[in-house]
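In the block that follows, a single chain appears as structure tokens, in the form predicted on its own.
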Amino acid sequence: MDVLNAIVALLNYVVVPGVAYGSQLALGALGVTLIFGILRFSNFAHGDTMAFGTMVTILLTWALQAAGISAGPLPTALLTLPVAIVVTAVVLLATDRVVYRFYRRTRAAPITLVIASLGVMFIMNGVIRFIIGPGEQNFADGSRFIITARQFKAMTGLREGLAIKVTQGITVVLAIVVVAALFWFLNRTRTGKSMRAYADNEDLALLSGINPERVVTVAWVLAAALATIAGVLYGLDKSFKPFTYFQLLLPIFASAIVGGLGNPLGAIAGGFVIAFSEVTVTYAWKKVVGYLVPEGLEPSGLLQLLSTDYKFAVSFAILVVVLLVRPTGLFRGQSS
């Protein structure tokens, strides 16, 4: 029984949160790697794009709630998500036309586009704080849990309970649907194949008659969709705070680079590597070990390697190691 309790505790505090967080990072990293593959630069405004899409979702959600409209047991934010994606896509396309297109047409160095994206990041962050404020915003409604710890204990008779939030279930299901749809689009549709060809060899793709502006437009729309969905799922699971999404930029880029920048499959794998590394290193293992060791030998300390305040240090450490040992990432992404 103690072994079962240890397994349940591990599931409750490590596996379930790790899967949900990994799904969120994977979606964010997919947006980063998509822009890198098509436009050949690291988009540092991606975190604030997530924040912007989430902000639009929150404002629309509040409007629906004020009108008495809800999604029942599901979060009302799911109803407003498609509109938020469209608004975010319009903003990204406008930003591309005003900022990035000039540098792209003059074939500016990638570092120039990176610096431009930093400027866009600061502007977007300021706009978001001005509109919705810098404070924390909770916008999750509907049912809170798929199963509560008390219900699990009553069903199993175990001392340890397993709680799964509705937002965690939605995160995993929606992430699977979005990733499957993205890979189907990239591998099965004519536009998706054009994007892959453009990412593999830009000059050869242009000679083949592929319209580069169409490819860039679709890339920004997909990045807007991925960023908005990832941001909303993270905000529902935790809470929304503009500065938090700025901080998320580190684990998202770490996920993309660990998996192989420019490789969609690598972005997904990297997201889960980073998520489980952060959760594992910052979890206090006292309870799990206490179930497994003989009575009287239970540890007195928390058995926690790092405080949760330093979880982003884990992403940074992994990022440094990967860049030193295998710069192309686990799935050999693009190196330029």
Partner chain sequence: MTGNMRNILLFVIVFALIGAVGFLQSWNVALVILNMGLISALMALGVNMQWGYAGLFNIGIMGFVALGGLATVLTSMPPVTEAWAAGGLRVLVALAVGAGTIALAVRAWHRVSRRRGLVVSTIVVVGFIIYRWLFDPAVEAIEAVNPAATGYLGGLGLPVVLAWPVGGLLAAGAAWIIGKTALGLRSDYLAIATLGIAEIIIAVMKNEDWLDRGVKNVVGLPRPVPYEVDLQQDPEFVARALELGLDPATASSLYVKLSYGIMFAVVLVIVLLMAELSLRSPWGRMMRAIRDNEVAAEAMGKDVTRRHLEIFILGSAVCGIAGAMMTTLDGQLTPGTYNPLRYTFLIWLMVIVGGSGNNWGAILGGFLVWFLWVEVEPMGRWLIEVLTAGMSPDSALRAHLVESAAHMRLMTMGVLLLLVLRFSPRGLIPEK
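Just so it is clear, the model here is predicted, and its values are computed rather than measured. Numbering follows the first chain given and starts at 1.
One more form of this protein should be noted, the form predicted in complex with the partner chain, which is absent from this view; the next part is about it.
Participant: If the cut-off is 4.5 angstroms on heavy atoms, which of these, Leu118, Ala197, Ile146, Ala71, is the one near the partner chain in the predicted complex?
Facilitator: When the partner chain is considered in the predicted complex, the option within 4.5 Å is Leu118.
Participant: Sort through Leu78, Ile123, Val83, Val90 and report the residue having a heavy atom within 4.5 Å of the partner chain in the predicted complex.
Facilitator: Going through each option in turn, the one that passes is Ile123.
Participant: Quick one: find which of 198-206, 96-104, 217-225, 172-180 has residues within 4.5 Å of the partner chain in the predicted complex by heavy atom distance.
Facilitator: Single hit among the candidates: 96-104.
Participant: Tell me whether Ile7, Val166 and Phe276, taken together, all sit within 4.5 Å of the partner chain in the predicted complex, counting heavy atoms only.
Facilitator: No, the candidate spot makes no contact with the partner chain.
Participant: May I ask you to state whether Gln247 is within 4.5 Å of the partner chain in the predicted complex, using heavy atom distances?
Facilitator: Taking the distances in the predicted complex, the answer for Gln247 is yes, it comes within 4.5 Å of the partner chain.
Participant: Is there a heavy atom of Glu295 no more than 4.5 Å from a heavy atom of the partner chain in the predicted complex?
Facilitator: Contact check for Glu295: no, nothing within 4.5 Å of the partner chain in the predicted complex.
Participant: Report yes if any heavy atom of Phe130 sits within 4.5 Å of a heavy atom of the partner chain in the predicted complex; otherwise report no.
Facilitator: Contact with the partner chain, yes.
Participant: Given that the partner chain is not shown alongside this chain, does Gln304 nevertheless sit within 4.5 Å of it in the predicted complex, heavy atom to heavy atom?
Facilitator: Answer yes; at least one heavy atom of Gln304 falls within 4.5 Å of the partner chain in the predicted complex.
Participant: Within 10-39, which residues have a heavy atom closer than or equal to 4.5 Å from the partner chain in the predicted complex?
Facilitator: The stretch 10-39, when checked against the partner chain in the predicted complex, contributes only Phe36 at the 4.5 Å heavy-atom cut-off.
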